[in-house]
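To begin, one chain is listed below as structure tokens, in the form predicted alone.
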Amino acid sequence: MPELPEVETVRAGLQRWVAGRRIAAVEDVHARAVRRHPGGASDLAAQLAGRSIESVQRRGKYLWLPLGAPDALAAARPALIAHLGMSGQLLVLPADTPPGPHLRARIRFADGGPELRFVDQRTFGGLRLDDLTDDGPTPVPVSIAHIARDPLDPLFDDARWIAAVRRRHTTIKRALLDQSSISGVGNIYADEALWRARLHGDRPTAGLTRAQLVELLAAIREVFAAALLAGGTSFDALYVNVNGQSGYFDRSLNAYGQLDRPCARCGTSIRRLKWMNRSSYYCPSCQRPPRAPRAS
């Protein structure tokens, strides 16, 4: 699933290519792609027609496009929410580009320029409209207001997150993947940040020091910044930016997917654990597993 660097790369591309443009029509909407929109495909298309895209915003792995009202309406501004799921793509393409087998929605603009298309092979992602609510300086859709800020957000509160994590009875990797606590971190970047911070993902959060968590937050920000420079991580053709280009951060991964390769820090072979129906990668020397509790 695309994580913060991939979604932010898409956001930046959309901001450049679609912000400020007026929607003429929405076509070829697949019912499953709008399953979370109460009115279905026809209602989504009707509500979007005539509205302008004011900007492109992101929180964690969610994107939303605040919409201006059509000339004939004075209704409150909704937003078009997009979640990429496992294989969703938001592509900006010339209008004469063939639709392809996985087209789920096509947004045409009044200026006749390149279209915005939602393509999703597995159709785990989707589009829907929602009202905006106030959440500090940036309005956020009501349905994703529970999603926490991410560590690249200027309003992310380091001290508050650290205190909350140390009060929890969980493990640190589980805490990193809890999007209501800290957003944007998925399996790939959790493994990478934990490797940088020399922490095993199964370490209990209550036993971590403030200094260790400060270092972990710094590691998350470092790996996010490096991945953004590389356009994100692409293991296959399912994640691409709005121009269809793949990211290349997979060349810089130190832990995730590096089974049996030497640790870049100490040379020990990277290991893999089965973890919550996924894989978790770590260096057994740099990231010592927690000790099993002693038998009474």
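Position 1 is the first residue in the sequence shown; the rest follow in order. Bear in mind that the values here come from a model prediction, so they are computed numbers and not experimental data.
Missing here is the form predicted together with the DNA; even so, the following discussion is about that form.
Proximity of Tyr62, Arg122 and Arg272 to the DNA in the model of the complex is complete: all three residues have a non-hydrogen atom within 4.5 angstroms. Only one segment in the set 153 to 161, 109 to 117, 84 to 92, 194 to 202 has any non-hydrogen atom within 4.5 angstroms of the DNA in the model of the complex, and it is 84 to 92. Only one of Arg168, Arg77, Arg210, Arg221 comes within 4.5 Å of the DNA in the model of the complex through a heavy atom, and that residue is Arg168. At a distance threshold of 4.5 angstroms between non-hydrogen atoms, Tyr282 is out of contact with the DNA in the model of the complex.
Remark: Arg278 counts among the residues lining the DNA in the model of the complex, judged by a heavy atom distance of 4.5 Å or less. In the model of the complex, none of the heavy atoms of Ser181 sits within 4.5 Å of a heavy atom of the DNA. The DNA is not shown here, and in the model of the complex it never comes within 4.5 Å of any heavy atom of Arg265. Residues of 16 to 51 that come within 4.5 Å of the DNA in the model of the complex, judged by any heavy atom, are Arg32, Arg36 in sequence order.
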